[in-house]
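Encoded as structure tokens, the following chain is the form predicted alone, with no partner shown.
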């Protein structure tokens, strides 16, 4: 019995050193080589930080690309989904209201063309990205509000499209904050 207790204590001590000291130091060290040096990639506009690339923000003005809805009102301190299933009446009403809003501000849009990411919240409620289709359905609205040629806005969407890592890992996506900052820069020119 004493033999097993000593082995258990040794294993516990080794795992404590490995998982509580060495692993966190390794992660902190490697994080220093990432964008933002482990503190998150900051998005700058006119020399000021306007947000972080990994956190979604609400955009509701019609001259901007709209973000994916959030179940937590984009509050990073309370990240999480709504936990409402597809048969929940309140959830179905929220989705229907989001569809109606999209159709109201995008009159040329058909209900069948609306991608799911534009009317449903992500699991964290903080998704900073939308699908390419989610951006494309908004192009005509933004071009009209900003008095830009639609092809210019399409090019901007194409330039801000992020492809999967190594062409394999993850979806093709567009960071909404980066796209809206680029849109503002385009209007200044």
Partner chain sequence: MNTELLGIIATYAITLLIAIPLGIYLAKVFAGEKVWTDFLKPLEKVIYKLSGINSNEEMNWKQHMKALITINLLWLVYGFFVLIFQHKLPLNPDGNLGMSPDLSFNTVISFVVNCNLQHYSGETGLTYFTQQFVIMFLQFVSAATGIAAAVVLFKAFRDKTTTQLGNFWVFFIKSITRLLLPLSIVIAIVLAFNGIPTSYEGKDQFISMEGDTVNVSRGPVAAMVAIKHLGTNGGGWFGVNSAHPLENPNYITYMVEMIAQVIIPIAMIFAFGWFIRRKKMAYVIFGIMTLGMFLLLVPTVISEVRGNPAIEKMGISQATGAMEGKEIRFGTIGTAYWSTVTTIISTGSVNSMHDSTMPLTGMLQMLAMMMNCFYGGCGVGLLNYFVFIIIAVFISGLMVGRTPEFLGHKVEAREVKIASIIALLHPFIILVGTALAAYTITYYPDANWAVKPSSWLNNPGFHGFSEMLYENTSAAANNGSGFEGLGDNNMFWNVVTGFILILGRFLPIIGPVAIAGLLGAKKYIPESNGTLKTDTLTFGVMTFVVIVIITALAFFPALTLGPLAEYFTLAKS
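What you see is a predicted model, and the numbers here were worked out from it, not measured in a lab. Positions refer to the first chain, counted from 1. Basically, rigid core = biggest C-alpha set you can superpose within 1.5 Å across the two forms.
Below, we refer to the form predicted together with its partner chain, which is not included among the displayed structures.
Asks: Considering non-hydrogen atoms and a 4.5 Å limit, does its partner chain approach residue 127 in the model of the complex?
Replies: It does: once its partner chain is placed as it appears in the model of the complex, residue 127 has a heavy atom within 4.5 Å of it.
Asks: Should residue 153 be classed as touching its partner chain in the model of the complex when contacts are defined as heavy atoms within 4.5 Å?
Replies: Output for residue 153 is no: heavy atoms all beyond 4.5 Å of its partner chain.
Asks: Even though its partner chain is not shown here, does residue 122 get within 4.5 Å of it in the model of the complex, heavy atoms only?
Replies: Flag for residue 122 set to yes.
Asks: With the cut-off set at 4.5 Å between non-hydrogen atoms, does residue 61 touch its partner chain in the model of the complex?
Replies: Residue 61: contacts its partner chain in the model of the complex.
Asks: Are all three of 101, 107 and 186 close to its partner chain in the model of the complex, meaning a heavy atom of each within 4.5 Å?
Replies: No, the candidate spot makes no contact with its partner chain.
Asks: Could you pull out the residues of 8 to 27 that have any heavy atom within 4.5 Å of its partner chain in the model of the complex?
Replies: Heavy-atom contacts within 4.5 Å come from 8, 9, 10, 11, 12, 14, 15, 16, 18, 19, 20, 21, 23, 24, 25, 26, 27.
Asks: Superposing on the rigid core, I want to see if residue 60 changes position between the shown form and the other one - specifically a Cα shift of 2 Å or more.
Replies: After core superposition, the C-alpha of residue 60 moves less than 2 Å between the shown form and the other one.
Asks: Please check if residue 27 moves between the shown form and the other one, taking a CA shift of 2 Å or more relative to the superposed core as movement.
Replies: Yes; that C-alpha moves by at least 2 Å between the shown form and the other one.
Asks: Taking the rigid core as the superposition reference, indicate whether the CA of residue 11 shifts 2 angstroms or more between the shown form and the other one.
Replies: The answer is yes; the displacement is at least 2 Å.
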